[in-house]
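Just one chain is shown here, as C-alpha cells, and it is the form predicted alone.
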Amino acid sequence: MASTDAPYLAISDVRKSYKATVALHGVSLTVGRGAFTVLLGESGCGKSTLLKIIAGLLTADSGAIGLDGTAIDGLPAHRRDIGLVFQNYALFPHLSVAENVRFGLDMRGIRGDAAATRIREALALVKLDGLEARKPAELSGGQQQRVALARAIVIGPRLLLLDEPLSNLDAVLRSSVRVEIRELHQRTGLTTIMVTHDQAEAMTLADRIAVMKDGRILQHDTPERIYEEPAQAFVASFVGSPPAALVRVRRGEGGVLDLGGSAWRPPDAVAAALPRDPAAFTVALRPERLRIVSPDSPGAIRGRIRSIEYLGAERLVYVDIGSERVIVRSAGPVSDEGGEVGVALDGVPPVFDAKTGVRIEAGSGP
C-alpha cells in the first residue's frame, strides 16, 4: 500500500458558496504522495465541488491548495498538470481511440515519435492495445472509460482526479472496472483522488477515505478505521452494505434500556461499556454484528420480523424493535415474517451523542 505520510497535496480551509448556498465550509485535507484517496458522500455534499476546485475548474472563495510543495491556487487548469476523468468520459465521438488519447499531448505541444510512444504506453496500461483505430461508439462502456483514463494519464500528470468514473456502468462492469482502476493505480503509482457516493467503491479502492456531509469532512481515515471506528453517527450509517441502523437508546430504571419503546436489559459486558451519561444516546447496530436468537435469550433485544430478503449465500432479516428497525445478516433459515424473535449483539456497538452525532467513548461519563 502506498505511503500517505508526506503531504503531497495540501488543502487548507477551502470555502465555496453559490450565492446563499454554502458548498464547502472551510475544508482541510492532506493527501500523501502515491495515495489513493476517495471523497465519499451523498449527492450535494460538496465532494465534486472540491474536486473541481483542485482541478482548477472552479475558484474557491478562500483557502489554499498546494501540490508537491507549490501553491497552485492561481494557476489555470491546463497548467496544473492534473489528469481528470469525467463522469460521462467526455470523449470526442468523431476521433479514434488514439486521437482521443492524443488530445492532451497536442494541447501541450507534444507530437511525433514522443507522442506516439506515450499513447502506446498509456493504452497498454489500460489494456486497450490494438484498439487505436476504433471510434468511441464501437467500444463498450468499460472500454470507453479506459480510453478516458488513458487520456488522463498520457500527459504524465502530477495528480489524477476521477469524478464518479463508474456511475455510468452497469453493476457487472462496475465491479470489473473497479479492479482495473485499482490495478492501474498500483502499476502507475499516481496520486489519485476519486469522488463517489458508492461506499463499496470507496472501501475497495481507497487507501484513505474522506467522508463528507453538508460541505464538511466528518472523518478522514483508512477504510478499516472508517468502518470499525466511525467518528460520527452519519459515518456509521453511510459506510457498510447494508449500513448500520442508528437506534436511539434511553436509560430506564434498574439497568433497563428503552430502544424505540422496547425494553432491553443488555448483557453485563455491554452494559459496562455503554456511557453512564447522557441519559439518551444513539447506538449503531451493524447487520453482521447481530444474530437472530430466541426472544427469551438473556441479553437479547425482543423484536418482530418485518421482512426477509433471500440473497443465496445469506439472508437479510428486517426486524422491528419497537418503533426502530434493524437489519440482521443470517446465514441460515429464520422464522417466518411476522414472528417474534430476539436480536443478540456480538460485541459493544459504537455509541454517539443523540444530538450532535459525535462518537462517545465506551464507559464514559461521571
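Heads up: residue numbers just count along the shown sequence, starting at 1. All values derive from a computational prediction rather than experimental measurement.
The protein also exists as the form predicted together with a small molecule; that form is not presented, and the subsequent description refers to it.
Asker: If we define contact as a non-hydrogen atom of the residue within 4.5 angstroms of the partner, is Gly303 a contact of the small molecule in the predicted bound form?
Answerer: Gly303 lies outside the contact set for the small molecule.
Asker: Are any of the heavy atoms in Glu309 no more than 4.5 Å from a heavy atom of the small molecule in the predicted bound form?
Answerer: No - in the predicted bound form, heavy atoms of Glu309 and the small molecule never come within 4.5 Å of each other.
Asker: Would you check, heavy atoms only and a 4.5 Å threshold, whether Thr21 touches the small molecule in the predicted bound form?
Answerer: Thr21 belongs to the contact set for the small molecule.
Asker: Would Ser48 count as a contact of the small molecule in the predicted bound form, using a 4.5 angstroms cut-off between non-hydrogen atoms?
Answerer: Ser48: yes, in contact with the small molecule in the predicted bound form.
Asker: Consider the chain as shown here, without its partner, and state which of Gly339, Pro298, Gly66, Gly44 has a heavy atom within 4.5 Å of the small molecule in the predicted bound form.
Answerer: Selected option: Gly44.
Asker: Thinking of the small molecule in the predicted bound form, which stretch from 35 to 43, 311 to 319, 324 to 332, 66 to 74 has heavy atoms inside 4.5 Å of it?
Answerer: Checking each option against the 4.5 Å cut-off leaves 35 to 43.
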